[in-house]
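In structure tokens, one chain follows: the form predicted on its own.
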């Protein structure tokens, strides 16, 4: 199957065009000049039913670069309006300032939004150009695929395009587009927008749309709005527990960057931990550390409370509270069981919490690399010096290792079976900032091979990749100097 304009339809537009409430605006993308295909995600294209042979066609490149041909009615690109709390402060109207949804692609009964990021201005661009630069587009393209292959709910990326279009930021940079694909781009802030404008009918219309499109089994349920919120609470708790388990720091968890279906969305100033540090702040713009690594679980609940507030016209306070109360136990359960599997335990037991917490404290005190430690822990024996040597306080590690050995002895697994289990949950590769920067530096010189190498590696992060062994060790010293902000 080819991906072309005729196959993209607009359930969203058709749903709301007669509503009278401004849920969206029709827009026309502004195509990139002299576009070049940096990378096409053949693995994901296959899942969408798109023929791999067509990924290198001129028609595919034109569409991914924002050159929409034919009558406007054949495609009807749209941009969505939403509002949100940014850094805990109500920011008012926002919206798709540099994202344009081309349409929806149906595969096996599921609808996928096909969206271009960086294809020009929209009514919500707030005097900005609606463009995305190559460096941030590379980061989003690679990280969304990295997260998916770590088993974490996320938007996906189909293609990445470079160009000769000049974009003015701190300096002149190359404009790019990334094709972002998701089963929903509706955000907490989408509901907040209409709630704070006292448009309860619009809140209901949006909720009905989400349920009909993503949860059709609930359409006739009396408590369908409760089920939507409950699902969002549980999926968000699971997602953030998974973030914490792989050391992922989102960096800008505003309510407009939170998905109603519990996907990770909007990859801006993100970062994976190198040395384990709960206080880590990956966003240079986050002066107060609101979105630090350790704060992510509590911010998730704060954002869900903001969402619940926007749904007060649809359900009782008792139901809102009942849904929200499920967040903390879900998060704790999910995190405990993931961390137990990361240290090779078949089943979590109450005493394991102390063992896990003591380990995390040791990692922090000794500045131990998070990803490398858990990957090498699969090789644990009492005499494994390589694991012990990751710690300055070797006696402290020895004391923990003694307890760990005793716990492992309660299981019937062989060391080989345990290592196999641990290697399936502890990735060898995550998208560290220096890795992304290396691919960006090469791409800015017209060499896209590093982007595609990283895509290949991150699509199977638990496997061995001899061609990318350079990315399996400790980060270089210069990695500490990298700074990522919202403008990236």
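Numbering follows the first chain given and starts at 1. These numbers come from a predicted model, not from an experiment.
Note that the form predicted together with ligand AMP isn't included here; everything after this is about it.
Chemist: Would you mind picking the one in 257, 149, 242, 296 that has a heavy atom within 4.5 Å of ligand AMP in the model of the complex?
Modeler: Exactly one listed residue reaches within 4.5 Å, namely 257.
Chemist: Could you spot which one of 407, 98, 280, 213 gets a heavy atom to within 4.5 Å of ligand AMP in the model of the complex?
Modeler: Of the candidates 407, 98, 280, 213, 98 is the one lying within 4.5 Å of ligand AMP in the model of the complex.
Chemist: Just one of 325-333, 122-130, 157-165, 229-237 has heavy atoms within 4.5 Å of ligand AMP in the model of the complex; which?
Modeler: Among the candidates, contact is made by 122-130.
Chemist: Is it the case that residue 306, even though its partner is missing from this view, gets within 4.5 Å of ligand AMP in the model of the complex, heavy atoms only?
Modeler: So residue 306 does not count as contacting ligand AMP.
Chemist: Taking the shortest heavy atom distance, is residue 94 within 4.5 Å of ligand AMP in the model of the complex?
Modeler: Result yes; residue 94 sits at the interface with ligand AMP in the model of the complex.
Chemist: Decide whether residue 291 counts as a contact residue for ligand AMP in the model of the complex under a heavy atom distance cut-off of 4.5 Å.
Modeler: It does not: once ligand AMP is placed as it appears in the model of the complex, residue 291 has no heavy atom within 4.5 Å of it.
Chemist: Would you check, heavy atoms only and a 4.5 Å threshold, whether residue 252 touches ligand AMP in the model of the complex?
Modeler: Contact with ligand AMP, yes.
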